[in-house]
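This document opens with one chain alone, in structure tokens, the form predicted on its own.
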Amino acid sequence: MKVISNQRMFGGEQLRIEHPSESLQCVMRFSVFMPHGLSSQNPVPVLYWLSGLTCSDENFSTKAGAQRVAAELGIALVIADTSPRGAAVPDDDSYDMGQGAGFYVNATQAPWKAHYRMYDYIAHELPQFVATHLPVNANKAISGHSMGGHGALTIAIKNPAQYTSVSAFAPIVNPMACLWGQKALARYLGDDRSEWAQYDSVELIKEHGLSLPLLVDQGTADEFLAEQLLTENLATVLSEKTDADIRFQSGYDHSYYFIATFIEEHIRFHAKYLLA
């Protein structure tokens, strides 16, 4: 583990960490806020955050304003990058493919399959690395925004024993039915749509249900709501789940202004389960 930056913040530490990734076959960076500093005597639970298209690990840590509440509650924030990085990693000229757009899947198609295994990295490798190198306990929750909300939901649905709760801001809930998802899933996974379903929250819930508490916030002024996010499709498949709260926030868009407005409520939602 290589700490490449460390700032004092709200009595804790905001770090940026670099490490070699076996899953992604490249060097990866992630950010972490430790509420009481690095002390093996005081392990804390973790909220994992997954960001959206074009983002890195730095967007959430600098724009969301989450550290104050995490410090108060005693919760670590682990903020992952959105894709593998580096000169040897395949990329694409469009913003919604390649570096910055890993879609939290395990790619099976060339040229992506050697590096683009973000599902394995987030679901398995990164938590194992964090548990080995940082003073955290076994309690984990997961959240994310847009493409990262898609990742948080699919990973939580498929690994319910790993997490206490899941939340999302403006998630891509039904990628098989929107252009962002169709493009990424086809190129990363091939043309067999049955392979796509394992990374589609709506399809996964239809097949497996959702056993974790869920909070979703979606802005009604989000320019991507009608064609890309399809939040109503998620609401439909969860209509009978009593601990799933899908909130439509009037006038809010897709930006980090939206996230900053409601992030405290999401952290406190997760705290009910992480600290139980």
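Computed from a predicted structure; not experimentally measured. In case it trips you up, residue 1 is the first one in the sequence shown, and so on.
The form predicted in complex with a further copy of the same chain is left out here; the points below concern that form.
- Query: Does a further copy of the same chain come within 4.5 Å of any heavy atom of T54 in the predicted complex?
  - Reply: Output for T54 is no: heavy atoms all beyond 4.5 Å of a further copy of the same chain.
- Answer yes if any heavy atom of Q25 is within 4.5 Å of a heavy atom of a further copy of the same chain in the predicted complex; otherwise answer no. Result no; Q25 lies far from a further copy of the same chain in the predicted complex.
- Item | 4.5 Å heavy atom contact, S61 and a further copy of the same chain in the predicted complex | Because a heavy atom of S61 falls inside 4.5 Å of a further copy of the same chain in the predicted complex, the answer is yes.
- Please check if R8 has a heavy atom lying within 4.5 Å of any heavy atom of a further copy of the same chain in the predicted complex. Taking the distances in the predicted complex, the answer for R8 is yes, it comes within 4.5 Å of a further copy of the same chain.
- Looking in the predicted complex, is a further copy of the same chain within 4.5 angstroms of a heavy atom from every one of S94, K183 and D192? Looking in the predicted complex, the three residues S94, K183 and D192 all stay beyond 4.5 Å of a further copy of the same chain (heavy atoms).
- Tell me the stretch among 39 to 47, 64 to 72, 232 to 240, 204 to 212 that has any heavy atom within 4.5 angstroms of a further copy of the same chain in the predicted complex. Correct option: 64 to 72.
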